[in-house]
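Read the single chain below, which is given as structure tokens and is the form predicted alone.
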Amino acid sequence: MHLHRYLRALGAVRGLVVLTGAAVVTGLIVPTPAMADMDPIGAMARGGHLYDNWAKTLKMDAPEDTHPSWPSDSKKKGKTTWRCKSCHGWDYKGAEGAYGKGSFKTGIKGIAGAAGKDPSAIVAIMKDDTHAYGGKIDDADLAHLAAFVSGGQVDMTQYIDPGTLAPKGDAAKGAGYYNTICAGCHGEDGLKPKEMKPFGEQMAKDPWEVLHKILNGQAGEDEMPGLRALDTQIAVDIMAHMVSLPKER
């Protein structure tokens, strides 16, 4: 998770904003808006929420108009164009990754090159005219988002085969993790809650999104903990088990 890179840059963010409070429950991170002295793991997890859907995380409305930097020839319009993931992808590679094709094809580069960079510099970039988040997201929240960009990215190719989309995990271990961590809310078959796509279907279509959300939690759903405090391989083992779950109800 590049934690060492983030820690090196942490001092720059502390000069930007002072935050308080964090929640760690039995090794699982439950991100909260306030985090003590920019607790690195908690800040990165909450930043992952903001990367996913900052408006939902902050319980506010995203702009109705299409983002000014969004390609005019794209079929996507409106609120979804303001989500970081819509430009840069769940695999963080943008045009060089999964979003190099499909409905989210924009030609926009990913954020992988920003890993390890000074978070305060990342905040400045997010407030520039290209990203246009200044005045829409406050500096405290931008600092969390920068914490994720700088130190929270994982190399998805290390954990997901880009050709087969298969997670590089141990399904047997993953079953034990899933049934003790995930099944209470999602069911042993991965079909809960009903408004979500079945886990088997999600794994077949977008395992990068699944990994992002297992590590960081679900944007706007504080009751779902992220596993960022644990070894990333545990999340990948869980995914290996999820492959076997039903693809439809």
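Computed from a predicted model, the values in this text were never measured in an experiment. One-based numbering along the sequence shown.
From this point on, the text means the form predicted in complex with a small molecule, which you will not see here.
The small molecule is not drawn, but in the predicted complex it has a heavy atom within 4.5 Å of residue 209. Although the partner is absent here, residue 130 sits close enough that one of its heavy atoms falls within 4.5 Å of the small molecule in the predicted complex. Shown alone here, residue 113 lies within 4.5 Å of the small molecule in the predicted complex, counting heavy atoms only. In the predicted complex, the small molecule sits within 4.5 Å of a heavy atom of residue 145. Listed residues 201, 221, 65, 189 were compared with the small molecule in the predicted complex; 221 is the one with a heavy atom within 4.5 Å. Here is the short version: of 166, 125, 140, 171, the single residue with a heavy atom within 4.5 Å of the small molecule in the predicted complex is 125.
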